[in-house]
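One chain is shown next in C-alpha cells, namely the form predicted on its own.
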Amino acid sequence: MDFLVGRDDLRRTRFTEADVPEPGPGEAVLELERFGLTSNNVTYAVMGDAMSYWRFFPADEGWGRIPVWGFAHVTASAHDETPAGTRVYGYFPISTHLLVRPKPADGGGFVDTTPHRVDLPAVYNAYAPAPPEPSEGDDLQVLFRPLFGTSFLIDDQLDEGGFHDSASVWLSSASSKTALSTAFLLSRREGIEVVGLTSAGRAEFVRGLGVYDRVVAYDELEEAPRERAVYVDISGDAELRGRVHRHLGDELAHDWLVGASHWDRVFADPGALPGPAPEMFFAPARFAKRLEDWGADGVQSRTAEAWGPFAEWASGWLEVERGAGPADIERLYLKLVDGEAPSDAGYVLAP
C-alpha cells in the first residue's frame, strides 16, 4: 500500500495497492512498523520540487509520496549483511514496504544505494540500527528525532556565528515541534532571549511550556519592542516575514528560512523586505560540515547529550495519538494540512 498526495493540491489524496516487492541480488525489503506525522512532513511536500524531496520515493506523474521518519524491519533479504529481522530507524514513504539496496555503514546500519537516491543528501539515505523490539521511547523518536536534529544544528550554527551580534532570537510558528525543539535548546543558553510568534489561540499553550522568554501573537507583532534579533522562520509565511522585516527594520540581524508550517502562505506577497535578505537553512549541509569537524561519533555523542533533557521535557506535555491504516492516515494528514492539529498532539501511525 502507498499513500499518495497531489503535487499540485496537497489536499488531494489516494491509496494504491501493489504486490510486495521481491528483493533482487544485494537488495532487501523493509516493512514499515510505525512513523511520526507532523507539520514537518507537510513542509517536505510543499518543498518537494524545490528541495528534491519528491525524488526519494518516485510516484506516478502528478503524485508524490511524502517522506516520513520511522521504524521498520527487514522482511526479506538478498543481502548477506542485512538479514531478515533487522530493525532500523530512518526515512520512508508512507507505504507498507520499501525496497532498498543496503551498503553497510560505519557503526552499524546501512546506507540505501538505490540508484535514484545516491546523489541526494546522504543524511536521508542512512538507516540506523534499532533495538530488535519496540520500546516506550520510540514514539518520541519518530515524532521528534529528525526535528530535534534540525534544531540542534540551528542552535549550533547560531552559537558558532555569535548569534549575529544579537541577544534575541524570534521563532515563528512557535507551537510547532521544530520551533519548540529549537526554543528548548536556545533557552539553555545564557544571555539569549527567546521570542515565540504564534496565533492568539495557541499563545497560552506556548507560554506554559517555559521555553520562551516572551510570546507574541501574530496580530500583536507591531506592538512588540524593536530590538536587534535573528528571525528563524519556521512558518514559511511570506506575509508574516514581510511584517517582521518592516517592524524590525535595520535591527533585524539575520533571517533564516527553515520550514513551511503555514504552507498555504509560502508564496504570498511579502511586500517590502528591509534588512537582510532571507537565507535558506539547509540542515543536511550543516550536518555534513559537522561530520567533517567532529566525525560521526562526535556528532552522535553531542546530539545524544542534548536529546536526553529534551526528551524528558517533551514527554511531560506531549499527547500521543496513535492510528493505523488508510482512514487514520488520511484523517490525521489532512488535520495537519488544514492546521487543525492541537499543539500538544503527536501523531504516531502504522500503515
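Computed from a predicted model, the values in this text were never measured in an experiment. Start at 1 with the first residue shown and count on from there.
Here the subject shifts to the form predicted in complex with a small molecule, a form of this protein not shown in this document.
- Interface residue remark: Thr13 is not counted as part of the site for the small molecule in the predicted bound form, having no heavy atom within 4.5 Å.
- Under a 4.5 angstroms non-hydrogen atom cutoff, the small molecule in the predicted bound form has His262 among its neighbouring residues.
- With a 4.5 Å cutoff on heavy atoms, Thr75 does not count as touching the small molecule in the predicted bound form; it lies far away.
- With a 4.5 Å cutoff on heavy atoms, Phe163 does not count as touching the small molecule in the predicted bound form; it lies far away.
- The single contact residue among Ser187, Thr96, Gln157, Ser199, judged by any heavy atom lying within 4.5 Å of the small molecule in the predicted bound form, is Ser199.
- Residues placing heavy atoms within 4.5 Å of the small molecule in the predicted bound form fall in a single listed stretch, namely 199-207, out of 221-229, 199-207, 267-275, 134-142.
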